[in-house]
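A lone chain, given as structure tokens: the form predicted on its own.
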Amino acid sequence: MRYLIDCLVVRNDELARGQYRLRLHAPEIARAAVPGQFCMIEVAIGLYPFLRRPMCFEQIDGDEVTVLYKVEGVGTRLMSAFTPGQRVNVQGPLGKGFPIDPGFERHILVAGGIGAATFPGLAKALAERCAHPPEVVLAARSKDFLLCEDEFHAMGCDVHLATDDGSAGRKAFAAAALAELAPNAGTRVYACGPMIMMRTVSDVALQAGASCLVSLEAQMACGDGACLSCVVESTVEREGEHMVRVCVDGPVFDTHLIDWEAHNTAYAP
């Protein structure tokens, strides 16, 4: 079930430099949503900017949902000015969420920067439905850009930090941090972050024989598959095209479906 409704802003807090958590009172959407799905938030003042902004659900909590976002352009800058008591129009839930499979012995979440935004809800679902909480790798440029560490700890997750400059955890990229955890055929890895990070994490997972799911983000106009602005190259041909739509075919994909070579994702040193 999808909704197009006005939602009440409960909180809109800056968590790290330029990175915010928006909490919305949205009972209908919260009841229908699952981890990994997203919504489209109207940010316009009048008619500008015209397009909504796609935001994954961070947490689904009773009658409320939260999203994490980074201020990067006019739309997210307008979102950062949302105030408690304000009403914003939200379309959702949209897309396909994460499958929860208790058959795997281990679940490892690997987040790069704002890629952590999609994982708290997933971690909660895995902790509730599987034998134990997932392990989490949080990677970022520096400690100032690490998100959700306290939330993952509160769920009982074993959290591993990796930063490019070594200011928190170990000085390493996300893929190297994952490799140290030694995933195997009984492991499912979940990745979200920059494309190069997801590719290298995927390579580590597949070389170890692990399952790997990636959550992609893309610019989109509609969220319903009509505009085709969010297509990415795929290894599977559909109707003569090697493309999938992030909004309706994803945003969660098995990594085998993504043509990483087509994205020019050269390996990081």
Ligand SMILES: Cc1cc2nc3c(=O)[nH]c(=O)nc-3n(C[C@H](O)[C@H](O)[C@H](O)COP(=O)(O)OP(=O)(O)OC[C@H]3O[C@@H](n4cnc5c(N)ncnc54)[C@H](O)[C@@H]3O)c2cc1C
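Note that the coordinates shown come from a computational prediction; the quantities given were computed from them, not determined experimentally. Note that residue numbering begins at 1 and tracks the sequence as displayed.
Form predicted in complex with this ligand: not shown, discussed below.
For this ligand in the model of the complex, the listed stretch (176 to 184, 161 to 169, 104 to 112, 68 to 76) containing residues with heavy atoms inside 4.5 Å is 68 to 76. Within this chain, V34 is remote from the site of this ligand in the model of the complex, having no heavy atom within 4.5 Å. Put simply, A218 is close to this ligand in the model of the complex: some heavy atom of it is within 4.5 Å. Among residues of the shown chain, I29 is not one whose heavy atoms approach this ligand to within 4.5 Å in the model of the complex. Contact between V232 and this ligand in the model of the complex is not found at the 4.5 Å heavy atom cutoff.
Just one of C212, I60, V204, M55 comes within 4.5 Å of this ligand in the model of the complex, counting any heavy atom, and that one is M55.
Proximity to this ligand in the model of the complex, defined as a heavy atom within 4.5 Å, holds among A117, A140, A191, L122 only for A117.
Within 4.5 angstroms of this ligand in the model of the complex, the stretch 244 to 259 places a non-hydrogen atom from P251 alone.
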